[in-house]
Ligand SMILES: NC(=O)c1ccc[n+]([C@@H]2O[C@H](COP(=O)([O-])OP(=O)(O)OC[C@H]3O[C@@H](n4cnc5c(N)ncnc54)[C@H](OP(=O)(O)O)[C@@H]3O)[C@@H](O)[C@H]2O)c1
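Just one chain follows, in the form predicted on its own, and it is written as structure tokens.
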Amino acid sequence: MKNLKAGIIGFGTVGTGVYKVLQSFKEIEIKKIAVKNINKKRNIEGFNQNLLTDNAEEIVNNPEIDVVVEVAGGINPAFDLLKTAIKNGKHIITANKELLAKKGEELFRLAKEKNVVILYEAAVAGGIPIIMPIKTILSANKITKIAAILNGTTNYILTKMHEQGLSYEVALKQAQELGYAETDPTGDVEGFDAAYKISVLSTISFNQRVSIDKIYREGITKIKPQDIKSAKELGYRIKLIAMGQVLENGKIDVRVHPMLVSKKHLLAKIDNATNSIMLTGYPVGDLIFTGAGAGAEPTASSVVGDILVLASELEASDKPLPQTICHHDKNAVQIEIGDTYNEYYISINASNNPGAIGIIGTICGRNNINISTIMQNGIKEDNTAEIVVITEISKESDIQKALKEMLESDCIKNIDNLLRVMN
């Protein structure tokens, strides 16, 4: 294996994990580590403080460094730093899903021009190997569908809401106390993290550039204990699902939102902070990859794995492995959420008057919506009832028209929630 000289940008949880794992591979020499605070005490036995710098330019402009490992996250200054590194002929290993989702097209194009590679196994699902399997052993397949749980924080919160009947707020606080959720959890609970990941995963799976700006995104903050209870009674679990699929017309449907997932479905059985990815392709059929989607050691496993793959290939040839080079130059034609077709869960607050359920059924019928299940969850003190409807497959735009019409009816007080359904 070729000896590689590496520079690491970022020395938080993941960066520290990468450093520790690399100590077992003497053929990889760490030349410099860029940090924000050079005086911060590092709880690493025998650590050489001289490796640290607070100027990342020392890494990307160092002619001795072969590969830049970026685990700092965010767009700035990572984007400019990696552009400089690529222009200087350095290979890139990154775990930065936001950067790849927003700036990947420019970085990959530049890397192709400079004959260097960008490897990013850790960017989508932490320790789960998914990018390289798609590029290599699954390259004979036409992948047509992805359904995945890509965010451990939201999966942990929804698991506790289901198992313990907690409110969203209490489950979030518990996740923060255990270190699963940040002080500001917006990136996770509003679906941004999962959207970045499904953007990257869909691009590589469908061999077309999927725009992050055209991905429908909805988080879990509106999920109530009553939704969890109703879902459970109907035979479902609520999960934040990142999905992508190639439609018959060749257009791409990519989105992130909560779904009622049938208890019979494999993704319904994925609990706590675990991640899972289901792929459907031809000729392989259905595959599922499950494991730790975050954390120092699982993520370091993928980062160091990329480094070792690079070292092995560079020993054999000066040219990068063809599968590691970006070949997806075509921009995907992505459909809007209104043009998607789904089954739906609708939670409706209605007056406890005769005919309320009939009105709901009539409005659905007028909007091309068939109801498969309808149930009423008792009467509240204000003489209103919660009515839960599960529809057959319907068009999103028809559902939205029906909800608007329901709210114009005197007997419908509120639409408490609308969720899509996966069977």
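Residues carry their position along the shown sequence, with the first being 1. Since this is a predicted model, take the numbers as computed values, not measurements.
Another form exists, predicted together with the named molecule; not displayed. Remarks below refer to it.
When you look in the model of the complex, the only residue of Asn37, Asn383, Asn43, Asn50 with a non-hydrogen atom within 4.5 Å of the named molecule is Asn37. Screening Ala72, Leu158, Ala332, Leu100 for any heavy atom within 4.5 Å of the named molecule in the model of the complex leaves a single hit, Ala72. Although the partner is absent from this view, Pro77 contacts the named molecule in the model of the complex, with a non-hydrogen atom inside 4.5 angstroms.
Among heavy atoms of Pro225, none comes within 4.5 Å of the named molecule in the model of the complex.
Using a 4.5 angstroms limit between non-hydrogen atoms, Gly295 touches the named molecule in the model of the complex. Not displayed here, the named molecule is kept clear of Ile399 by more than 4.5 Å at the level of heavy atoms in the model of the complex. Of the candidate stretches 286-294, 140-148, 227-235, 208-216, only 286-294 has residues whose heavy atoms lie within 4.5 Å of the named molecule in the model of the complex. Heavy atoms closer than or equal to 4.5 Å to the named molecule in the model of the complex belong, across 115-148, to the residues Ala122, Gly126, ordered by sequence position.
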